[in-house]
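Structure 1 and structure 2, given next as structure tokens, are two forms of the same protein chain, each shown alone.
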Structure 1
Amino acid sequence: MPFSDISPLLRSLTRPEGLAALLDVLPIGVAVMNKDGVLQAVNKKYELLTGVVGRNVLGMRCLHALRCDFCMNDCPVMTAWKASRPRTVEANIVNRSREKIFVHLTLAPLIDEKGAIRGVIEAIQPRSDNALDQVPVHAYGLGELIGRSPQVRKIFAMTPSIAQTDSPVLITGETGTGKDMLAEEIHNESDRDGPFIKVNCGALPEDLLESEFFGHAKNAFPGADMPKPGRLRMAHGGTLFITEVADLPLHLQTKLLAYMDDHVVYPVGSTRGARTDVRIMAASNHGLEDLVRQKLFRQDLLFRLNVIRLNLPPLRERGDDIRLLQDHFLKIFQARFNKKVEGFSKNVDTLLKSYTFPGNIRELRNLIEYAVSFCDSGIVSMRHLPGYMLQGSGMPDRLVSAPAQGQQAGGAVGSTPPERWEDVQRKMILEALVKTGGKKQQAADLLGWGRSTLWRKMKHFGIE
């Protein structure tokens, strides 16, 4: 590092305050230690990354503050340091929030004029080359749920206090919005030691549901050779999550209501009840109030379940979360498929922003999994999207093709797009034909279509 005359600065930097000011502005974690690895100073970024309080770790050996895997292997500070050269390794640390962080760790000896090691400078910088390390699992969310739109942030903020109660929770929202994940996360955040048991009312035959929920006694009905505990007893001490609760038959709604009142399970064919401690959570993608009006769902059960109600908004109403989730899933799948995909083309971005996502986050996730697995270039373009999107099925009628400057933050489809989907397709075909010098087979390959599809669409759009 070249220097001009810095003697006045050096005077300032040799004072602890001057050195602290210098270290604290650095964007990487820095620790200064003596040659035995005893900490003498740590900067603010180091405190931030490790979660330690600086003054509490001074005088402690660095491995106890940093908790790095390298410390336990062949750290030169822990063994006799012979090479006297800086060393950078890839390592991981576990911080005070119990998070594992992957870092670049650099150790540099401080050598005096006689060539003896007087101390060690340690620098840590979060690693960014492994996509999975960067997946913002906790950055904006709750467990595996992520989002930063006001609606979901409100839910994330409420969850810890909801988890600490035993009140029933009703989660509503369209299919694919993450109701099951939210329920499981509430259970995980809670102090309940028992299991998280899930029952899908829509997936079980009506005749079996009662036995599934409440269990049955031996010989309660033909074929009941063995007694069965039922999910309510299996979930003792934990949570029973009833998904698609609207599909629960009326007579079982009554029995569930009775259980929620006295917490006693009566197995089919038995008069002996068993007291259990189970928290009930339920989810539905139907309007339960409408079902109550149609007399398909018991009003008193709705009141009983509706103690805490969480409504997960559909993806199309979550604004910039679409972009956030897009990048999140892209990182996951490019790491899983070991592919280097930089991002999305402008057209794909526009299409995804305008798309209604009837399957919500599940659909977006599947769509990106498909796109990444078929992406043969560094950018996901229109031809990498599933056929049903390109064929127009499930597509919004109108689509924005330019960067959506005038679009509302809500990402609603109803905003005024300047160009039709047909126009975008026509433009894509023309661009492909220009690129391939008019060769239809190559243009079809470029677009990811069959030759006959291209021919049909060219005829439809009047391109010759």
Structure 2
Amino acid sequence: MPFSDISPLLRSLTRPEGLAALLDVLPIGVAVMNKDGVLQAVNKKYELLTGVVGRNVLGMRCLHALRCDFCMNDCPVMTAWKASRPRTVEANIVNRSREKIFVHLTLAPLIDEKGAIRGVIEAIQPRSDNALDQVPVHAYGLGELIGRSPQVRKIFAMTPSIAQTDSPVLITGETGTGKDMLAEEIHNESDRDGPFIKVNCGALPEDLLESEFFGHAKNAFPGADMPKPGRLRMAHGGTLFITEVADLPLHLQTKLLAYMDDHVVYPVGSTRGARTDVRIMAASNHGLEDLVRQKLFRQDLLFRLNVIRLNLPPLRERGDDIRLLQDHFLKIFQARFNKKVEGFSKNVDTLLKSYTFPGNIRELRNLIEYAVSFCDSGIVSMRHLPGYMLQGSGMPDRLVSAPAQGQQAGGAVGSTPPERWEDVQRKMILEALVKTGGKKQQAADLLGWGRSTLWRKMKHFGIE
């Protein structure tokens, strides 16, 4: 390709947004600094490895951001370049979680046409003897699950070996911690070629649960005009994931236990069994041991489900994962709503860091969706948060700005459960309609939805 053909591309890379886009796709940590080691740009992989927030370290010297043992050991940036050529060394850094990470560190001078050093490119890559590098895919994420706290990383590291067994798995944790996603990722990493089928015991009427699990024969009961296979047959060769297993009635607990022993499905109204190959995984946000003591859950079924047990910690116990998830969800909703929202104000960061998140990751995702949807500036500030976040937050009054237009500041008090997501969505729709003067297409565009989606939700919420 002639140079003239790529010159527009090269010019675009001199702009900050072009350079950022280029750096962020690189699979290694990269920092750009001036000749004195003052950071000018860092990419997302650099943030991930070091635990720093990029915008907070720009203008700082490299040694304060990287915290590397090489900085005080003949680093050419610190001691002046003896030779104007790249240098690669083995070093270790200490991230913001106070973990030591062994890395390959490369420093390369940026030299102008006169041979003078104008800046430095720094690249960091984990070494193979680094404990985090043992499981590179799962160190900070597993599918849609994101985290680097020790408890979560331990689960990510265990998942590949768990996926290769057929043993039952019991996933526990508070509501909104990601139990469903973890179960699906275990299935996706397994060699099972059958489907991942989910059944929610808490969402179905008790008199329909048996048919949902085991199916029914034709005319087994009034209204059974056609035979139904049931989810244990639908999941043949794959996984059946039972959510809210604590809500399973006792008589169905007995029937499920029998299936787990012989893997034969007996539909309602039929004596003819069908053998299936299904892996059982279950989840609960209740203490099943307590339910056993109350004789509300069978102890032998608990033993059968509890072969492999994984507990997802609540978000409030995951430390810096809150910030990691904030940025992750911000990117998702930036793209969905096509908005240039660069980050969060310091007050929002402080509030989110101190908030207990009774709804865990689901609640964090929902409130960031809400905030980005109504953010009318480049930074998410306090006035963009849902009303319930501002009440009882413990933040000084001067830091809590007025709520966004149309937003109720007098929402639920912070000590009470937060608003349901359905209520928040209804507010979002009403506020969008107010902002657009009732124009549905513009309101749909503001919310990042299609017109039909907005119409359907308006009908669901009874909005005229």
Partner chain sequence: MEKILIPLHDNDVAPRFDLATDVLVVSVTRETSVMGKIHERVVVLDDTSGEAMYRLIMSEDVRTVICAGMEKEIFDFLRRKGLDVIDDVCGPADAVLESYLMGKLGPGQNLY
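Please read these numbers as outputs of a predicted model, since none were measured by experiment. Reference numbering: structure 1, starting with residue 1. Each form is matched to the other, and the largest set of C-alpha atoms that superpose within 1.5 Å is called the rigid core.
Original post:
Which of these two chains, shown alone, is the form predicted on its own?
Top reply: Of the two, structure 2 is the form predicted on its own.
Original post:
For residue 106, is the CA shift between structure 1 and structure 2 at least 2 Å following rigid-core superposition?
Top reply: It does shift by 2 Å or more.
Original post:
Under a superposition restricted to the rigid core, does residue 71 display a Cα displacement of 2 angstroms or more between structure 1 and structure 2?
Top reply: Yes, the C-alpha moves 2 Å or more.
**OP:** Kindly check if the Cα atom of residue 118 is displaced 2 angstroms or more between structure 1 and structure 2 relative to the superposed rigid core.
**Re:** True for residue 118: a C-alpha shift of 2 Å or more.
**OP:** After aligning on the rigid core, report the distance the C-alpha of residue 43 travels between structure 1 and structure 2, in angstrom.
**Re:** On core superposition, this C-alpha lies 20.3 Å from its counterpart.
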